[in-house]
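Have a look below at one chain only, the form predicted on its own, in structure tokens format.
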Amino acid sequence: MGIRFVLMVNKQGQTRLAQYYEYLTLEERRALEGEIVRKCLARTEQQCSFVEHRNYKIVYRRYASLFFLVGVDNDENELAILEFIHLLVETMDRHFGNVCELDIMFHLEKAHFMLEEMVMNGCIVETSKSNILAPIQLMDKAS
């Protein structure tokens, strides 16, 4: 399947966006997020951005005050997922202008919409920033 979940977390460990592509109960999600966030935030800049946790491979990257964490299958390419994270951030930067935690908090539906345009059922389906942002720009014009 590929991508199992995408999380955006601040430096304090508070989840700002969570998107799951497999079924987990709320308790399982809460426990998983807590474990992963503690594990990733405790790592230093010198350590690599890949962590194995349970049956997932966690690929993460920090941009300013936000951590982008992606849980994938163990056979997924880590560098491709790092590139996906970078594409997601560049897309949000293009729309919000230097995306920050507040942009995610106040425009959560747009952040989810961008992610939904890029990933479908755990598979990356769109990588063109223009194609990802076109529907959002149409919605902005209409409102």
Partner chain sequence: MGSQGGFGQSKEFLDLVKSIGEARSKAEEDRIVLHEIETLKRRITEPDIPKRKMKEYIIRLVYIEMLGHDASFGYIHAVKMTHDDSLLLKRTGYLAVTLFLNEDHDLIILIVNTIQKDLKSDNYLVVCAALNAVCKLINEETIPAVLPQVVDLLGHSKETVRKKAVMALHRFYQRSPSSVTHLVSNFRKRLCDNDPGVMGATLCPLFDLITIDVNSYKDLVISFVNILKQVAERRLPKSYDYHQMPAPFIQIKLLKILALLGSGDKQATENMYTVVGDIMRKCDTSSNIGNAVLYECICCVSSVHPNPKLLEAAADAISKFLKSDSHNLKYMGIDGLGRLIKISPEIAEQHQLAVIDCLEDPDDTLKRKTFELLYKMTKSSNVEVIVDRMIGYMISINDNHYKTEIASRCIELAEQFAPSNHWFIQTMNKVFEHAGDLVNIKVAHNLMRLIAEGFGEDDDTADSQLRSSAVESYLRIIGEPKLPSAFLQVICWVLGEYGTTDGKYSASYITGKLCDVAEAHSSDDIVKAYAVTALMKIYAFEIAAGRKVDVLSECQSLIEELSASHSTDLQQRAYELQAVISLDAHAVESIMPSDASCEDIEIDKNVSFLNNYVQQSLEKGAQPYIPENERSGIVNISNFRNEDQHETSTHALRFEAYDLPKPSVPSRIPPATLASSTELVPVPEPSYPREIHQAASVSSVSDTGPSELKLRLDGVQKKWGRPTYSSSAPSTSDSKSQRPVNVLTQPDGVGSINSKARDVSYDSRRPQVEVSPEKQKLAASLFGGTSKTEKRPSSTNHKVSKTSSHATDKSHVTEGVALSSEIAAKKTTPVQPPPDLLDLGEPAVTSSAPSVDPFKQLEGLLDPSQDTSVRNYSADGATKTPDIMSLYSDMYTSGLISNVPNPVSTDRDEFNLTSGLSDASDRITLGGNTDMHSTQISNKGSNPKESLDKDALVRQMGVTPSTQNPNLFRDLLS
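Computed from a predicted structure; not experimentally measured. Positions refer to the first chain, counted from 1.
We do not show the form predicted in complex with its partner chain, though everything after this point is about it.
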How about Leu82 - does it come within 4.5 Å of its partner chain in the predicted bound form, if we only consider non-hydrogen atoms? yes
Does Ala64 reach its partner chain in the predicted bound form, with heavy atoms at most 4.5 Å apart? no
Given that its partner chain is not shown alongside this chain, does Arg38 nevertheless sit within 4.5 Å of it in the predicted bound form, heavy atom to heavy atom? no
With the partner left out of view, is Glu109 within 4.5 angstroms of its partner chain in the predicted bound form by any non-hydrogen atom? yes
Within 4.5 Å of its partner chain in the predicted bound form, counting any non-hydrogen atom, which residues from 119 to 137 show up? Met120, Asn121, Cys123, Ile124, Val125, Glu126, Thr127, Ser128, Lys129, Ser130, Asn131, Pro135
